[in-house]
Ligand code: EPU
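Read the single chain below, which is given as structure tokens and is the form predicted on its own.
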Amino acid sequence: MYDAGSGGVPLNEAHTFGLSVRTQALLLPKDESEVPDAASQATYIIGEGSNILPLGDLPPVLSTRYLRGYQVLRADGPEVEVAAGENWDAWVRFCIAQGWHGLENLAAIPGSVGAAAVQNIGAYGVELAPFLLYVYGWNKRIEAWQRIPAEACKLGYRHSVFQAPEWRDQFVITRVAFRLSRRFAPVLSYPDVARRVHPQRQHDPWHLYETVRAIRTEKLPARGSAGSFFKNPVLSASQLEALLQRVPEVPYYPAGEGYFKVPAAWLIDKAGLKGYQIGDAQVHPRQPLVLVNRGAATPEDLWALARYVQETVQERWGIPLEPEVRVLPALSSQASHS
């Protein structure tokens, strides 16, 4: 069920930054029955490792990547339950093939189904939240299986209750249930997507999927990143007005109830950071929201680069950037604080 040795287990293939770090044990349950025991030994819980930055060698890690399968709960709707370890992009493609719609704009987002629920992933005008029915998994604190309905998951912008301190690494999501639609209704609210979709094919879900996938492929490196490193800042109306007085051309989008979202990529780019490097870590030259391991970056390189981007954007625009990527403290730092 897991691998361990005196020198620990390499983690470079278990997370998308590809850093040369190790873990004391990598626990890989292949069935739900193996989860409680694995969870009792694990400090961190991950999926495919597409949204983490390990800052060095780690204590035991549980990955749900080998939990696979799905079950149709209701054919009308439909309502479908899928194992947390299924690859997200493969799941989106499978849904389209079955005639289950709603997730097309979430094409090519790296990671697993379980992690998608933890992060409430979103892209090009669509979020996971409206499609979520519930999550099911093992609660380490009470040593029991729980089914948690969508409303209790407290989904927000790139956020869920599972990121809160009392839930983080305490609840192993093993299944996620969705309510999808038999009717395809394209969401073309983002200019990048609207420009690229062919007018005569806008009602073809595969065309929308391939369009979104092509856009993401052009912007993101093939390997060595965790996708978007920072969240887009959400500003109040007064904060936005102050920013617009300084930079009238700043783009912004409504974020509900008097709040507005400003693209972090724009703030980073206009601060002159596109392509900036520390060691072998780089702000991606085409998509400044992405930090990249060019091949030999260390955790220290990437963390120093992230901090530098935060400090520069704060100094230039007066806006704090919050990481979307989860930073995992290393064994050495945990020992120093124990």
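Being a predicted model, the structure only gives us computed values, none of them experimental. Residue numbers run from 1 along the displayed sequence.
This next part talks about the form predicted in complex with the ligand, which is not shown.
> With the partner left out here, check for me: in the predicted bound form, does some heavy atom of K219 sit within 4.5 Å of the ligand?
Yes - in the predicted bound form, heavy atoms of K219 and the ligand come within 4.5 Å of each other.
> Using the partner position in the predicted bound form, report whether A281 sits within 4.5 Å of the ligand, counting heavy atoms only.
A281 lies outside the contact set for the ligand.
> When the contact criterion is heavy atoms within 4.5 Å, does F230 count as touching the ligand in the predicted bound form?
Taking the distances in the predicted bound form, the answer for F230 is yes, it comes within 4.5 Å of the ligand.
> Within a 4.5 Å heavy atom cut-off, is L289 in contact with the ligand in the predicted bound form?
Flag for L289 set to yes.
> What stretch, of 200 to 208, 148 to 156, 222 to 230, 68 to 76, brings heavy atoms to within 4.5 Å of the ligand in the predicted bound form?
Of the stretches listed, the one contacting the partner is 222 to 230.
> Which one, R307, K270, K30, R294, lies within 4.5 Å of the ligand in the predicted bound form by heavy atoms?
In short, K270.
> So which of F131, W266, W91, F260 reaches within 4.5 angstroms of the ligand in the predicted bound form, heavy atom to heavy atom?
Spelling it out, the residue with a heavy atom inside the cut-off is W266.
> Since the partner is left out here, which residues of 106 to 123 would have a heavy atom within 4.5 Å of the ligand in the predicted bound form?
The stretch 106 to 123, when checked against the ligand in the predicted bound form, contributes G122, A123 at the 4.5 Å heavy-atom cut-off.
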